[in-house]
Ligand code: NAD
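Let's start with one chain on its own, the form predicted alone, as structure tokens.
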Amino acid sequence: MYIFRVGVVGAGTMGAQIAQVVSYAGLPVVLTDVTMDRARHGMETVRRIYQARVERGKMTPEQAEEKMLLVSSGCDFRALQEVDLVIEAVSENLALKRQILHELDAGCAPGAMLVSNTSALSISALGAATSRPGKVLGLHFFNPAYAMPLVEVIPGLATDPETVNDIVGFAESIRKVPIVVKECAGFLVNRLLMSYLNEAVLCVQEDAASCKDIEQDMLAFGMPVGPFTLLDTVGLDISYDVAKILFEHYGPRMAPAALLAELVKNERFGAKNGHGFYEYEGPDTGTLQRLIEKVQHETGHRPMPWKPTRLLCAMVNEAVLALQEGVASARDIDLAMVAGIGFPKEKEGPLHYADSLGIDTVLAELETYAQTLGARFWPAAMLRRMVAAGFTGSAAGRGFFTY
């Protein structure tokens, strides 16, 4: 199915960014929200993105205006009656998204595809709110959508294969790298990323290392930003909501760090309100340290030696679990983590990194962490099978990949 016209529901940050991406690729797009004021605000966000490109010399003012002519706005679903694809980009609330998809199902053309930009919610549950579940799937953009190349394509249980193919083609047409991911809580990138970020918070909670030391070591490894800078940028409240979803589905190994919950309870949401792991408004008042000590008193803690492999092994183990479950191929897992979170290109992704480190070494590290830190580090069964078979990584010529 060729897509001639696109609708976006939700004119907030992500919705506006998605509208800009679609218009930049040359497709007309209708940006809608519940009021015209919100829709106009979204239009201004699109304009600011184009203006920034003009100021950087990436396009002329005339070219920016041509792209803006492809973007229109509206405050109800009547503006979406003639679109071929609707991208829902409202807040992460299952009931709200189901209601919107139900209304879109009634108001859009029978052949229109309805996709959600959700980062963690069930696509099957969203599809069930419509009479066309075969044409419903997830299309997860990463923030900022105009800069991040990756999109996750997530079919629900009832999604038609043709719909998947159409959306993969659409993603490629708007200059994105689509990775088809089997439906699961957190999908692929957020599932692996939260195992890494949550472990970083636990390290601080347990006095293994300071935020500064952990950030420096992960930057030295090659990550584009440190874990606490990333958490503050995404929003600690949003990260905590995702962590709770993962905990609900995967159990104790994904239990949110008590410190993360305490920070959210004290309305330290990150850069957006000026206070998170770092202070963005005024000097450090010592609040973070007091909250750390409060959580330590309530939970007890044993300071453990700090090594970057603690965070990396948590991510690698979750990647192997996702591979075991068939969420994505080894190639796509690594590609998604490089394109989605900036895992160092020279290390090629967590599974290539495990191969270079040695699968036997990874297994031994996980076993040590499981004994000292708990069952969340229990090694994926696939790792034991690989070591027993001699698939120990690049040095052996075979691991997750062949060398």
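Don't overthink the numbering: it's just position in the shown sequence, from 1. On a predicted model such as this, the values are computed, not experimentally measured, just so you know.
In what follows, reference is made to the form predicted in complex with this ligand, a form of this protein that is not presented.
Contact with this ligand, judged by heavy atoms within 4.5 Å in the predicted complex, is confined among 248-256, 285-293, 312-320, 94-102 to 94-102.
With the partner omitted here, the residue from N198, N117, T163, S239 that has a non-hydrogen atom within 4.5 angstroms of this ligand in the predicted complex is N117.
Think of it this way: in the predicted complex, this ligand has a heavy atom of just one of M194, A89, I167, L202 within 4.5 Å, and the residue is A89. The shortest heavy atom separation between R38 and this ligand in the predicted complex is within 4.5 Å. In the predicted complex, this ligand stays beyond 4.5 Å of every heavy atom belonging to A19.
For A52, no non-hydrogen atom is located within 4.5 Å of this ligand in the predicted complex, even though that partner is not displayed. Proximity of M14 to this ligand in the predicted complex falls within the 4.5 Å heavy atom cutoff. In the predicted complex, H140, F141, N143 are the residues of 128-161 with at least one heavy atom within 4.5 Å of this ligand, listed from first to last.
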